[in-house]
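Shown here is one chain on its own, the form predicted alone, set out as structure tokens.
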Amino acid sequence: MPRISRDNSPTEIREILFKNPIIERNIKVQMESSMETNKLKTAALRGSFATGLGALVATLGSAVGLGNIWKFPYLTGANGGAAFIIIYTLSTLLVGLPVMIAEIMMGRKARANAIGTMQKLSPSKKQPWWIIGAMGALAAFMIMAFYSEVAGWVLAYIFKSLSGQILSTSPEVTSQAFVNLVSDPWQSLFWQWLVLAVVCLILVQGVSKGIEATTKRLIPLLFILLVIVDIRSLTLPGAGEGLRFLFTPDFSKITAVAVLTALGLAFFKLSAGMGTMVTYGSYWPDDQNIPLNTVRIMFSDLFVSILAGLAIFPAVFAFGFEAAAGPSLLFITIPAVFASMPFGNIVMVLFFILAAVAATGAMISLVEVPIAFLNEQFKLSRAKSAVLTTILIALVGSTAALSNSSLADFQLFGMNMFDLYDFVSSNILLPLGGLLVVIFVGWFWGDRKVKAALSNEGTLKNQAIIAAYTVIVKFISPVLLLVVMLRGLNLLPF
């Protein structure tokens, strides 16, 4: 190494020092340490899940929702039972799961909110991929506008069950109780706003202490309550008919419509396309195996749906009720069914508590999407972001809450506000957002980056899985998502 003398200029001295291998190595170590410190500071400021289990449970809490309680079991029974479950599982592997993996992968890589993630990962600032994140955030907001109202009904029914107001074996009585609830503007607003206040209080606590801690308690509680209600339902005389409704394969019902129904359900059931998985992915630890854990979440979500079916349909058939879908099943048929059995009031209370638990996990993830955006893009504190988001959802959501009362005669495009928010989010924003996500990951982000992200920078030996995923996300998922969107817009002949 050249000697340093008084005749050397400052520039020459720096050049000599940097050519010293010991000094060069020390500088490199200090730079890497500084970069790691900055990463830790960023993670601490925006929050992250403290454990891999926490990430898994929180993400499962997002996927599980009220659709598990009534929609999946009913559609399974109405479209071929076990045969439909097979079609649904295949559809999930080709549609819902690829989008879910893509969103979690992108969120973890960017460590940002839904919009910020697309801005960071875009190959060029001139390409407006941030629109995907904006669509997801808008979809989450619009879903909460009407979903919070349905969750409010569930919460109200816990208290109605406790008081015995809906303890009747007559569907006419339980139907009137439901009408009285939804047609009363003050009750509708009260329960919706109470639900939003609870979710806000959870989210103010942060990612680890709020989202992770809450879902770690809610998901085990959900499973326990489901098992209790399942045991009671399955021990009823005549429960076998309900089991046959759910699990007897009837391949004659697997029509083109049934397949399209399975495709749509597979996409919507995993909370894809609404920014939740991107946001939650940004909180996932770096060492998590994304392909493996998302498959675990997928099958856990399916298991919850099957448990819900076991809780409902054996009892429905045991007492000769109609297995109708939608709110009529959840708020009219179920109370009448449980009122028909011994200790039915206790079972009814447990059922609506578990429905509220399922709804809460989903709502937490939906509200987190705009909170993360406000927190990071506008530098608002988490508390201010949570309160502002809650107020905005309450204001917009009130138009959905009043759709059966004060605003019953107000319509846009032939729909009341409740149905409009549902239609725009479910049939336009979600499938279009999911389609754009797989196009971005498959064709613009690049195979090398996908491989690095899913293999945890080469530490996981899952090249075969990544190769299969790349083919699916490039060539299969985009076509099927386009079909889902066209069907939602009634542009297919079946």
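If you're wondering where the values come from, they're calculated on a predicted model, not measured in any experiment. Numbers for residues come from their place in the sequence shown, where the first is 1.
Here the subject shifts to the form predicted together with a small molecule, a form of this protein not shown in this document.
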Which of 390-398, 337-345, 236-244, 261-269 lies within 4.5 Å of the small molecule in the predicted complex, heavy atoms considered? The stretch 261-269
Among A308, L366, I132, I332, just one has a heavy atom within 4.5 Å of the small molecule in the predicted complex, namely L366
In this chain shown alone, the residue from M274, I104, V95, A372 with a heavy atom within 4.5 Å of the small molecule in the predicted complex is M274
Indicate whether the small molecule has at least one heavy atom within 4.5 Å of a heavy atom of I143 in the predicted complex. yes
- Task: Answer yes if any heavy atom of G67 is within 4.5 Å of a heavy atom of the small molecule in the predicted complex; otherwise answer no.
- Result: yes
So in the predicted complex, is the small molecule close enough to A110 to count as touching (4.5 Å, heavy atoms)?
no
Practice prompt. Consider V441 of the chain shown here, and say whether it contacts the small molecule in the predicted complex, taking contact as heavy atoms within 4.5 Å.
Written response: no
